[in-house]
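The chain that follows stands alone, in the form predicted on its own, written as structure tokens.
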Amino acid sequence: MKVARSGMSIQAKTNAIGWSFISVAVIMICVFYFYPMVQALILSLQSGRGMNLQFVGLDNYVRLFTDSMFIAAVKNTFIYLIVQVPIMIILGLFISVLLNDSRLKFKGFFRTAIFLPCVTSLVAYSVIFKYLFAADGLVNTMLMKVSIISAPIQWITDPFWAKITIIIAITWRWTGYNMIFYLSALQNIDNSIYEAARIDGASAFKQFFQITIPLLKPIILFTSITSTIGTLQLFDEVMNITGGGPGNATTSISQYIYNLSFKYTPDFGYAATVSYAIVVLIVIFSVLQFKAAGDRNG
């Protein structure tokens, strides 16, 4: 009996030690993650100016469907999502395959150069892009010098070209981020698989689509979801390059939340509602991507 009691005591002490290690992290997550989520949900059921809020139930959620500014922000964000995410995924995959070639020299330099934009300041690079794509900026100057265009393109002030500028900026910054994931996955693929394929007469094209793509499927799914989440939360580039203009042509959902909270007459309740709209969109797109990838756990 003493042995049993001693064994139970040791087990209890072991559990206590284990919980002591994770308790701080659990408390921090609850305080700084779950508590704000619950408070934001409660706030989304209220409305009013500033902090003079009243409970309105689901009125804010009903308002979303008739809010022309919200609908415009959703359309703009979907354009970024539909155009930019596939480009970024395909470009990152293509670059990673090139940089995984053992015959390529200075691979370390190229990998660092392509990944470097990911660690630059969001505000700093956005401001630089704003000056590069100004009417008298470097981009227009170079295009005119090589006779590609005869007059400056209004990258910032034209609704169409402003969206293109945002897409170029996001692609430049985040392609290297996805590339790193693909590159690490490629280096874990056994070379004997490719050697066997070459012996069987498979071309590089067939190897890519019949070996590389299937083996990278989990990583492609992961980067697709993270890229989708990042695009739905897009804020810095729009805020600092175009300011949401011209005429709200580039306003994203996150910028609209900022405007509701700090630019317009503060309506924190409705801003929280729009925030939860992003959460719903992220869940929907994530589930769709899991289903499209054939993931049984999706």
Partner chain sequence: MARIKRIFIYGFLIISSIVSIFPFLWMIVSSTNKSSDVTQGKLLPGSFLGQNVSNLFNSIDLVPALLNSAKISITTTVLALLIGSLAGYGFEIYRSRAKDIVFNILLLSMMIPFAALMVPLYRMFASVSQTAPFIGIDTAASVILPTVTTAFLIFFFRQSTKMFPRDMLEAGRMDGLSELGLFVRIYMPTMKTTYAAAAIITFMSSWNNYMWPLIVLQSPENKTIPLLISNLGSSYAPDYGVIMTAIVIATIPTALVFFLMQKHFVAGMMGSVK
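Positions refer to the first chain, counted from 1. Think of the rigid core as the biggest set of C-alphas that the two forms share within 1.5 Å after superposition. It should be emphasised that the depicted structure is a prediction, and the values quoted were computed from it without experimental measurement.
What comes next is about the form predicted together with its partner chain, which is not displayed.
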Subject >> Interface segment, criterion being heavy atoms within 4.5 Å of its partner chain in the predicted bound form, picked from 130 to 138, 80 to 88, 209 to 217, 67 to 75 >> reply: 130 to 138
Original post:
Has each of 47, 61 and 150 got a heavy atom lying within 4.5 angstroms of its partner chain in the predicted bound form?
Top reply: no
Subject >> Partner proximity in the predicted bound form: residue 121 to its partner chain, non-hydrogen atom cutoff 4.5 Å >> reply: yes
Original post:
Would residue 157 count as touching its partner chain in the predicted bound form under a 4.5 Å heavy atom rule?
Top reply: no
Subject >> Partner proximity in the predicted bound form: residue 9 to its partner chain, non-hydrogen atom cutoff 4.5 Å >> reply: no
**OP:** Consider residue 289 of the chain shown here, and say whether it contacts its partner chain in the predicted bound form, taking contact as heavy atoms within 4.5 Å.
**Re:** no
Original post:
Taking its partner chain in the predicted bound form, which residues along 231 to 257 bring a heavy atom to within 4.5 Å of it?
Top reply: 233, 235, 236, 239, 240, 254, 257
Original post:
For residue 24, is the C-alpha shift between the shown form and the other one 2 Å or more after core superposition?
Top reply: yes
Subject >> Cα displacement of residue 33 between the shown form and the other one reaching 2 Å, rigid core superposed >> reply: yes
